[in-house]
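Heads up, the chain below is alone and in the form predicted alone; it's given as structure tokens.
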Amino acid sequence: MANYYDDNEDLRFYVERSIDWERLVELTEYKYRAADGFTNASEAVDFYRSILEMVGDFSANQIATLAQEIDRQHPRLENGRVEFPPVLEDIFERIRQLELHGMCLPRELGGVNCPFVVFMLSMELLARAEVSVAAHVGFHGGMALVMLILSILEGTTEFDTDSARIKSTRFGEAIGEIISGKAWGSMDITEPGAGSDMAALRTRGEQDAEGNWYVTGQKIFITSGHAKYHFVIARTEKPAGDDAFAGLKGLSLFLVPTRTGDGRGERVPQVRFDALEEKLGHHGSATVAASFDRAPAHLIGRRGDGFKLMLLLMNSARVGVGFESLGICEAAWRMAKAYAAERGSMGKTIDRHEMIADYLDEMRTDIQGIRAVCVDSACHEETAHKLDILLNLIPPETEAERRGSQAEIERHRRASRRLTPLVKYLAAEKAVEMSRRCVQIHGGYGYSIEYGAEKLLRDAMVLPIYEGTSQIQALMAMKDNLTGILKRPGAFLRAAAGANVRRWFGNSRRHRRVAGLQTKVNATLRFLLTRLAIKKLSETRTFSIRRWMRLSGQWDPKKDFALALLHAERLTRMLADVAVCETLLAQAERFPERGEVLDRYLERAEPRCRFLRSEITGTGKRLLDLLATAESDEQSTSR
């Protein structure tokens, strides 16, 4: 029988050799204080491996075999309720019986207490079989975990340090329902006319004289939006000023149950499901529009912190999309490779034709690169969260230990913030590219529904859109890099100088090649800032990178960063290539056999980055001049 874990050597490398399980297990097991927990990492990893083997078997033999049927039988909206076809109901029941919904929740709440990265790897296995099923499962365990994290952060979780167990948590009842498979949660963000522009959200959160909160408004494009528990971001404060982004400070986060009690034992509907979207793909996932009319709500954290808390939710969700995308990439590559190995043409199978062989080799290489940064990102995100939680639940005995923990948290947060948009961007874009290539390799058969290649492409198309578009990820990566340099120019100069030295005198040819990529990115960042500084400095010939410090606080990314905004995606592709190569180089230093993976990736990344740098430094002026002229004409007309 097939098994999507056993047949994936690259994925098994991370579970069996690469991931720092000692640290993750220590944090997951509350530093081995719980009486019912594992006592060492080896025991825990054996358990994690058995779960992944189980999910790999279930995905290959029970979900993948029904993928075409799932694609044909869509959920329906009937009398205000979302009804799933029998094939999906049966799969969801099997998932509930396997207890996958509580995979990364603590044992004392009914979960099995696996690390987040194990949950993410299981999402890849499920997505390889059927990505809409993976997405729906992700909104069970993922939303329950978010409930717990938010409760801990706001101080509404009580922990017994002696037994290392959670005694109570604010959303314990909801978490229990989700773990049991009786309910799930959703993130309700998008509104008509306000997609990526969260500052334009109009849904309102209002408080009555008794302190009760109510939410009114409409949300659309909600994945698994027929949920019982809705995380809703709504406006509670008026925007301060005319700044287009000022509205972000007036948002708050709420948990809104679909139904509430009326005091007489009856459950009263509080959320109306308006529509169920008919989509290009992801047919096994319900995408819902919902309306709230003074729906009773629970404020999470403090009013006005909604945007900050929503980013916390979305960071983990974006890492999840990276693993979903990885599952589609893996499916597309394997489907294309299997077909090409059987399809004869001109005296040989087409996998031996040079162009097709090149396609397949690039797909394999990209998958290994994507998985490297996905796992790295998930580990950093998880470690930062768990260290933060333990810092509050089990305070260090000395101030020196506290400072050490805080420094470690900040290091992991920085790494997670850097990698998350790159993971979401690279994995989602490559999922579309690889599924498109799979269709092409199949030729006319790929365009038919017989082989399933066209289904992969339809399913992949949403990945660069939801949980923040690829363009939003690119803008985030660009802004973080440029503003980071503006805030800490000295650190950038030292890092750039170090990369330049390694480029010529690195310990090995691989070190020198990776440093060469880093140098290209650093030079590109410096070029962009030099061009942007023209508007701020009187004469470019006197420009010095250290003078940026005197410009601190004078930069407006929305007005001054036009060239960088234009080239944000090109810069993000370069940043992603560097992140992949840095991760693979670190692997090669620990595991020499991984050097071959790095070599293959560098072979493609080096010319790609040269081309992207050439585009950034050599194009854009004409278009920016046109845009500036159009804006000037519009302003003149309005006056």
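In this text, all values refer to a predicted model and were calculated from it rather than measured experimentally. Start at 1 with the first residue shown and count on from there.
One more form of this protein exists, namely the form predicted together with a small molecule; it is left out here, but the text below deals with it.
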> So, in the predicted bound form, is T157 in contact with the small molecule at a 4.5 angstroms heavy atom limit?
Replying inline: no
> Heavy atom to heavy atom, is E324 within 4.5 Å of the small molecule in the predicted bound form?
Replying inline: no
> With a 4.5 Å heavy atom cut-off, would you call F221 a contact of the small molecule in the predicted bound form?
Replying inline: yes
> Might T287 be said to contact the small molecule in the predicted bound form, defining contact as any heavy atom within 4.5 Å?
Replying inline: yes
> in the predicted bound form, which of 340-348, 469-477, 161-169, 176-184 comes within 4.5 Å of the small molecule (heavy atoms)?
Replying inline: 469-477
> So which of V146, L299, V462, V118 reaches within 4.5 angstroms of the small molecule in the predicted bound form, heavy atom to heavy atom?
Replying inline: V462
> the small molecule isn't shown here, but in the predicted bound form which of F254, F292, F139, Y229 has a heavy atom within 4.5 Å of it?
Replying inline: F139
>> Contact check in the predicted bound form: R503, C609 and S614 versus the small molecule, with a cutoff of 4.5 Å between any heavy atoms. Do all three pass?
In response: no
